[in-house]
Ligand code: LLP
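One chain is shown next in structure tokens, namely the form predicted on its own.
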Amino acid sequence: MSIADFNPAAEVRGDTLYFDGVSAIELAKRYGTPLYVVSETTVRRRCAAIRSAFLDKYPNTAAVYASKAFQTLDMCRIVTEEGLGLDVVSGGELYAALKAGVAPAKIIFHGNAKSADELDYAVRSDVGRIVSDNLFEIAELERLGALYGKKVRVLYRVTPGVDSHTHRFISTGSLDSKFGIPLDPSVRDDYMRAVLDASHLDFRGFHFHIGSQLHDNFSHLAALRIILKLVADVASAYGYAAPELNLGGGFGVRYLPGDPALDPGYFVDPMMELIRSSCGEAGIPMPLVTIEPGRWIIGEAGITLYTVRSVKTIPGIRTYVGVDGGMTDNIRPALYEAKYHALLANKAGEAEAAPGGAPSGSPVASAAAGAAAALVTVVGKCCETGDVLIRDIALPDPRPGDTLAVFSTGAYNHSMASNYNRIPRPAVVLTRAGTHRLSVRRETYEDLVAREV
């Protein structure tokens, strides 16, 4: 497998990695490292795939980008231009979406513990939907609706109680979860009475999300069967056919060359057929169906560039390759045991020349290229033993000054970045078919103390 087969935005010219038509070496020199690089070309292609596989294929559907995966003003504008709405989970994300010009009606506001100020902000801003999972919030939304003379459109997030076969920290649909309403009949009835008896709430239906980075559709379908029974039961008990159903997201992406490349149709086609058949059997109208892809749109559209700063070998144990970033710009390996693929951007041609097109960075590729085939561990600069980006990857003779490119870092890297150890957060550069521009400037030391009084 060539690097272009793994990530269509990547190609090797000579010894150099190009991403979306731009030299990774040029980007590193011009903007510095660590550096987040996002392919606008890939983002737009992914949005087009969502339209083709879902919005254009099925009537009465909607798609909103789960912006917690990666939210910048540019990203908000791009997905809006591509016809998607936006999912936000905080007042800050709502502020950024509105500042970017996203229409309030196309915003869905999630979150299990929204503050009173956030709810007030959302109601005043006329967001399209507020997703709730507790009665305290429902009472507050009814109060705010009365205060502002509005009908607040709400969805209930429910917990279907299925195993989503992912890391426990990103599994959200099990019974023991901080998210969602458990589907005990007595609990269901309390919640249904609360919204149907409210004067200033417009109850639109149900939402579920079972987890993130899923590579099969079994748990989506298992959860959907449970939710469709809830819809039918509510229609029977209350004479109320929910006009909307939000299926969440969680569609998996490729982090390693062996991961499957999944089209959104793999997930949505069987779910839409199940909804159609279930509604027909229950004698209720087809609802508006919404999906919330986030990682699937942005994950593979991003890479992170680092500069190698040190190479240290402990004989008989391990070789550590230290880079100028780490867990402050990518916490996922430490938090989720996430795994990533990488190559040296200035030595990319050596791996591409391997017999059979072995993936760059693999032991086979490195050995075939005549470089040292010993595995190395890529570590960050933070004062934590757990600051490990990639364990046991073969890189061809890494040396200080080399540029390391880590793939599939578009989702949950920039958005989860921190200033631990007083390290400034990286810049973000957008590329598009051979062009590049700064989207988010690098933080300065002055930025780190700007809020202190």
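Note that the coordinates shown come from a computational prediction; the quantities given were computed from them, not determined experimentally. For every residue, the number given is its place in the sequence shown, counted from 1.
Beyond what is shown, the protein has a form predicted in complex with the ligand; the following relates to that form.
Using a 4.5 angstroms limit between non-hydrogen atoms, Glu300 is distant from the ligand in the predicted complex.
In the predicted complex, the ligand sits within 4.5 Å of a heavy atom of Tyr412.
The ligand is not drawn, but in the predicted complex it has a heavy atom within 4.5 Å of Phe251.
Although the partner is absent here, Gly294 is a contact residue: one of its heavy atoms lies within 4.5 angstroms of the ligand in the predicted complex. With the ligand left out of view, the stretch that reaches within 4.5 Å of it through heavy atoms in the predicted complex is, among 203-211, 135-143, 270-278, 187-195, 203-211. A heavy atom within 4.5 Å of the ligand in the predicted complex is found for one listed residue only; from Lys106, Lys381, Arg157, Arg153, this is Arg157. For the residues Met416, Val388, Ala53, Ile423, the 4.5 Å heavy atom test against the ligand in the predicted complex is passed only by Met416. In the predicted complex, just one residue of 73-87 lies within 4.5 Å of the ligand by at least one heavy atom: Asp87.
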